[in-house]
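Shown here is one chain on its own, the form predicted on its own, set out as structure tokens.
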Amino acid sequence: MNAPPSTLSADLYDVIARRRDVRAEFSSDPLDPDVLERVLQAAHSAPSVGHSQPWDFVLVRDTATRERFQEHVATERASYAASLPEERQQTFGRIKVEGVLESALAVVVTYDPDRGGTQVLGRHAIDDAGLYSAVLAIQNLWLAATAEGLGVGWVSFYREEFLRDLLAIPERVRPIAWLCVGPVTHLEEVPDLERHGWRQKRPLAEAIHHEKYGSH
């Protein structure tokens, strides 16, 4: 019989279970600078291929910048909605996809493929390992924010070219996530897409394969 997890392990599993993609739950409370520093330090402590640390974090507080981004997101949302069958359009219409203006700030995470030089250890055969590293930094940030009582919402309704121009990001650098970050009134127990009937959680057993893909 497996031993129960230690208190620290239980806390980690609790944070993983409570993590949510936050959109409508941001409060108007300010974000403590010390808390933000700890969350960003957690992100910066993520593992990376060849210790390349290919991420950067652009902190966006300016209201005008966020309003421009929010307008762009609304346009992309409308474009996506128009591509859906009528029934899915109705379901999608009930789902809030961003908290750009409601959150305390945005953390835009970028990926620099040139970070670490031309011979990054571990990218010889899988070049995308660098991109995976930046995503690991996002996961660290998200879990740390949850542990601090903050919410995070990943906005994906945008064109990279628009965001690159908006924030003066160099051409070689990819903006891979606009993260809305800030204090929240609460975290929903059930993820939004499940609550609104968009998609249900997939059972773990369906994701496990033994020895070869397709062997459950």
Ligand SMILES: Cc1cc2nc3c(=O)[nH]c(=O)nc-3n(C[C@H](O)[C@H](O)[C@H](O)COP(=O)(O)O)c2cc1C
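Note that residue numbering follows the sequence shown and begins at 1. Just so you know, these numbers come straight off a predicted model, no measurement behind them.
One more form of this protein, predicted in complex with the ligand, exists but is not displayed; see below.
Enquirer: Of the residues 155, 181, 184, 43, which one places a heavy atom within 4.5 Å of the ligand in the predicted bound form?
Expert: Exactly one listed residue reaches within 4.5 Å, namely 155.
Enquirer: Please tell me whether the candidate spot formed by 20, 23 and 97 is one where all three residues come within 4.5 Å of the ligand in the predicted bound form (heavy atoms).
Expert: The answer is yes: all three residues contact the partner (heavy atom, 4.5 Å cut-off).
Enquirer: Does residue 12 reach the ligand in the predicted bound form, with heavy atoms at most 4.5 Å apart?
Expert: Flag for residue 12 set to no.
Enquirer: Can you tell me whether residue 47 touches the ligand? I mean in the predicted bound form, with a 4.5 angstroms heavy atom cut-off.
Expert: Contact check for residue 47: no, nothing within 4.5 Å of the ligand in the predicted bound form.
Enquirer: Looking at 161-169, 55-63, 27-35, 185-193, which stretch has residues with any non-hydrogen atom within 4.5 Å of the ligand in the predicted bound form?
Expert: Looking at the partner contacts, the answer comes out as 185-193.
Enquirer: Scan 113-131 and note down the residues that get a heavy atom within 4.5 Å of the ligand in the predicted bound form; none is a fine answer too.
Expert: Residues within 4.5 Å: none in this stretch.
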